[in-house]
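Presented as structure tokens, the chain that follows is alone, the form predicted on its own.
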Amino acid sequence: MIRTFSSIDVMYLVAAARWTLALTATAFCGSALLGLVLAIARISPIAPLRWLVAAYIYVVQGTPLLVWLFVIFFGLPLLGVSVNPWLAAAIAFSVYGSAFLGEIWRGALISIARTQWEAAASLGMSMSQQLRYIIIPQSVRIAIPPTVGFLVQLIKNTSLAATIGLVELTREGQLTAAGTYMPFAVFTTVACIYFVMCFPLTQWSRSLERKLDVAR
């Protein structure tokens, strides 16, 4: 029996959005941790390390996110590692996101004038001390707007997790559309929920960009 699309279905969609946000938060933390390592490695004086990290970034950025989802979800079990859709999605998004955050943050680090690095070195600071006390505090201002922009893209990209069966907002929309035969109404609602999640972050990113640009 076909049922109509009702307020209860909307509530289910809103409830499913919490898994979208949870996946986004998990993936962003994973991307940030790995991305910071990649950014620092990219400016390392050790050339082979820079080349290795650059190759990793080029490969990841040049491969569709959907492919990484399939590789993790279907590939790891072939190696004897059992993963559920949630873990597979978290790993895939973290790997994919790290390549982009790594480049964003590398750009912020190298944007700091070379004289700042030289002044820190003249004080006898090690590489880690230069980054901790001099370079990173200045580069954070530059990195925040594009990082927030990336976060918006990450929220929208989590919709791909529906392809491996993770029940987040998009997957719940698919299930609801199949049960009500009202895909236009369902996915219009899904689009509105995504908009409500993304629009404030987009505005915040633009506001930060204007404010921090003036602060320069």
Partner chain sequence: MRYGLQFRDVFAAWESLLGGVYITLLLSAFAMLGGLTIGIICAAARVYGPRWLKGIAAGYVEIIRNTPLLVQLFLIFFGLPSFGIRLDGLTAAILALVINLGAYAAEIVRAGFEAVPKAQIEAGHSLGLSGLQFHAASIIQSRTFRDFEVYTVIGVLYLGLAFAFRGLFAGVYFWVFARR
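Residue numbers count along the first chain shown, from 1. No experiment lies behind these values; they were computed from the predicted model shown.
The protein also exists as the form predicted in complex with the partner chain; that form is not presented, and the subsequent description refers to it.
- Contact check at 4.5 Å (heavy atoms) against the partner chain in the predicted complex: none of 44, 51 and 106 pass.
- Among residues of the shown chain, residue 10 is not one whose heavy atoms approach the partner chain to within 4.5 Å in the predicted complex.
- Taking non-hydrogen atoms only, residue 190 approaches the partner chain to within 4.5 angstroms in the predicted complex.
- When the partner chain is considered in the predicted complex, residue 85 lies well away from it, no heavy atom lying within 4.5 Å.
- Although the partner is absent here, residue 208 lies well away from the partner chain in the predicted complex, with no heavy atom inside 4.5 Å.
- With contact defined as any non-hydrogen atom lying within 4.5 angstroms of the partner chain in the predicted complex, the contacting residues in 166-204 are 170, 174, 183, 184, 187, 188, 190, 191, 194, 195, 198, 199, 202, 203, given in sequence order.
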